[in-house]
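Below you will find one chain, with nothing else, as structure tokens; this is the form predicted on its own, and questions on how it binds or moves follow later.
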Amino acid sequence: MVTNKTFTMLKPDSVENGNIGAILEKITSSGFRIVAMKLTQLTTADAKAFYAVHNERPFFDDLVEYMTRGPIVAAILEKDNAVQDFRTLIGATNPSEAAEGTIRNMFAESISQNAVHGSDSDINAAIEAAFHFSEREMF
């Protein structure tokens, strides 16, 4: 089932580098509507839970440390074909492989500090949105 919502996080490097406004402009000018958004900080427990799918990977501890080092911006976005279109907009995980004009091409520092998270499926978009937002925060 294709839905019209996806979840994103602007990661700590985006916040630290002052790129919130520029990234949000890129998102909205690409036809996405922000239906929920907040500046927040993940605890270690939050980051471990959110990225539990990677807990056996060698980069897991570094990922948790990175995601808890500073604030993030969590948001739910709406657009037809939201998940796929947002994955296209953010580009490849490795910014050196990301297409010209994508968010990661423009704002990511490295494969491990890649500026933004985007849900990889409709199911994960719903799970990730519910992780960060209560029902009353979603419009």
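The shown structure was predicted, so the numbers you read here are calculated from the model rather than taken from an experiment. The numbering used is simple: start at 1 and walk along the sequence shown.
The same protein has a further form, the form predicted together with adenosine-5'-triphosphate (ATP), not shown here; the description that follows concerns it.
(request) Choose from 54-62, 38-46, 25-33, 73-81 the stretch whose residues reach within 4.5 Å of adenosine-5'-triphosphate (ATP) in the predicted bound form, heavy atoms counted. (result) Of the stretches listed, the one contacting the partner is 54-62.
Can any non-hydrogen atom of Asn114 be found within 4.5 angstroms of adenosine-5'-triphosphate (ATP) in the predicted bound form?
-> Asn114 belongs to the contact set for adenosine-5'-triphosphate (ATP).
Does Thr88 reach adenosine-5'-triphosphate (ATP) in the predicted bound form, with heavy atoms at most 4.5 Å apart?
Judged by the heavy-atom cut-off of 4.5 Å, Thr88 is well away from adenosine-5'-triphosphate (ATP) in the predicted bound form.
> Do Thr93 and adenosine-5'-triphosphate (ATP) come within 4.5 Å of each other in the predicted bound form, heavy atoms counted?
Replying inline: So Thr93 counts as contacting adenosine-5'-triphosphate (ATP).
Output the sequence-ordered list of residues from 9-40 with at least one heavy atom within 4.5 Å of adenosine-5'-triphosphate (ATP) in the predicted bound form.
Sequence-ordered list has one entry, Lys11.
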